[in-house]
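What follows is one chain in structure tokens, specifically the form predicted alone.
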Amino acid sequence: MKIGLFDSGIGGLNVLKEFINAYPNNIYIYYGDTLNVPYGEKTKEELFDLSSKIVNFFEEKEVDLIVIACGTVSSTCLEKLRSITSIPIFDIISPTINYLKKKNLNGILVFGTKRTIDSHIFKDNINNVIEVKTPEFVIMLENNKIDSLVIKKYVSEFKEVDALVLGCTHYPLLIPEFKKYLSDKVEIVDMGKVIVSSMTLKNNSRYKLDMYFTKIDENLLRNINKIIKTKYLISKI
């Protein structure tokens, strides 16, 4: 099976890692639009323009399915992207919402990009949700510059919630920081883990990972090697 995944940068690699762990015998193609990161500050029109070109790229690669490994694009462009291709497209947010609906939670904190939070996709579909824009997080992670004081500012205000939803796929890289300020009782919801557990895929191919990025630098290479522990080929596109 050939699976295409994409994100604005390294966040989707967290999702890719979960797919490889669960289905190691597949062909994966990853597209990271690092030239245009972050996506969270862009308009819906800009997001569709960028992501539709990525869908066209996956069509040329003849993938069997596409995973939008990006909370921002999932919350703004899903149906429009589905309308331009016959390849099945799966988003990262819908299975997370379905997962949360099955649980009896009194307080759900969602951290996300400006565009995701402005869409109110979580608040419109789930009760007891607090949505918080955390625009600094993506830039910190892409540049390998973690500011613990910034993270503390956001997290310490919401110690009593039942769950923290990582509404951007970059954010699992900050879980150790989040845990410093949260009770052990707070469930941290990783959308990459949720989407993989919600799907049943074939696992009968050969493993191969090709990664394409619109900009490649030393920070990117360091981040890739932190997350992806299997063999890969990388190209600039």
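What you see is a predicted model; the values in this text were computed from it and never measured. Numbering starts at 1 and runs along the sequence shown.
Just so it is clear, the following notes concern the form predicted in complex with D-glutamic acid, a form of the same protein that is not shown.
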Original post:
Does V186 make contact with D-glutamic acid in the predicted complex, using a 4.5 Å heavy atom cut-off?
Top reply: no
Original post:
Using 4.5 Å between non-hydrogen atoms, is P38 touching D-glutamic acid in the predicted complex?
Top reply: yes
Original post:
Is there any non-hydrogen atom of S51 lying within 4.5 Å of D-glutamic acid in the predicted complex?
Top reply: no
Subject >> Distance check, T113 to D-glutamic acid in the predicted complex, heavy atom within 4.5 Å >> reply: yes
**OP:** From the candidate stretches 67 to 75, 154 to 162, 125 to 133, 80 to 88, select the single one in contact with D-glutamic acid in the predicted complex, where contact means a heavy atom within 4.5 Å.
**Re:** 67 to 75
Original post:
Taking D-glutamic acid in the predicted complex as the reference, which of L109, V138, L100, I121 has a non-hydrogen atom within 4.5 Å?
Top reply: V138
Subject >> Contacts with D-glutamic acid in the predicted complex - residues in 1 to 28 whose heavy atoms fall within 4.5 Å >> reply: D7, S8, G11
